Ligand SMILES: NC(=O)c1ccc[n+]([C@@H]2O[C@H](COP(=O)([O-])OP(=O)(O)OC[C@H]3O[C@@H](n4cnc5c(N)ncnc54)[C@H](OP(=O)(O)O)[C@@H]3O)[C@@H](O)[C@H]2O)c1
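One chain comes next, on its own, written as structure tokens: the form predicted alone.
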């Protein structure tokens, strides 16, 4: 992959997959705009590289319109955008019958609507410059349901569907849309306080750097879908081919998710 002189915007770049993508792109010669809420984390990331290689952009994608504003900042500074990485997202371990509409709406804003905002803001420039790449970081749960994280699952289903459909629409303009759907990844995802009630989140995780590399490679090759890890691909196969067994396991898991005294 030769990202030399390419301009990239990476959201959720203060930790996990987004952090590793920003690093890998910068190592490969890209001019990276790294966005997140945590300014100090972004400053530390930028300090790892020569001045100007990574530009921090502090933003909270829970605010409506923040995705579009980020793209505008990049275009004002660099004049173009070659790679848009929509990575920012979060989940909460809250059963469906314990949810509030406000909490679900917030997850949909960060995990899905901010992607739409950024994408629609980037498309005109990508069209005018002859093309570009959009990498949306969804999840394996964009293809299946898991108990306890219904709002997160819904947001990733929406993102997977948007990615595939928009990819058909944008191909004629030279814009490739790639959807990265990892399984368990060593990130700060389960640091949210809601996960303290759960004894057994997935024990199988891939390193964030490995997932980031797979996603960037897929975007470079203009692949529509990337599912890193043989185990994750097998899990998806089992969901599709052995639904009775999958549901039996998930019903059992749903009973296990409960507040601890």
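Positions refer to the first chain, counted from 1. Remember, it's a predicted structure, so these values are computed and weren't measured experimentally.
The protein also exists as the form predicted in complex with this ligand; that form is not presented, and the subsequent description refers to it.
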Fill in: 4.5 angstroms heavy atom contact with this ligand in the model of the complex for residue 85
no
Quick one: does residue 133 come within 4.5 Å of this ligand in the model of the complex, counting heavy atoms only? no
Exercise. With a 4.5 Å heavy atom cut-off, would you call residue 89 a contact of this ligand in the model of the complex?
Worked result: yes
inquiry  = I'd like to know if residue 122 sits close to this ligand in the model of the complex, meaning any non-hydrogen atom pair within 4.5 angstroms.
reply    = no
Counting only non-hydrogen atoms, the one stretch of 96 to 104, 75 to 83, 164 to 172, 148 to 156 within 4.5 angstroms of this ligand in the model of the complex is 148 to 156
Exactly one of 53, 213, 38, 222 comes within 4.5 Å of this ligand in the model of the complex through a heavy atom, and that residue is 38
| Mind checking whether each of 62, 139 and 184 has a heavy atom within 4.5 Å of this ligand in the model of the complex? | yes
Within 209 to 232, the residues having any heavy atom within 4.5 Å of this ligand in the model of the complex are none
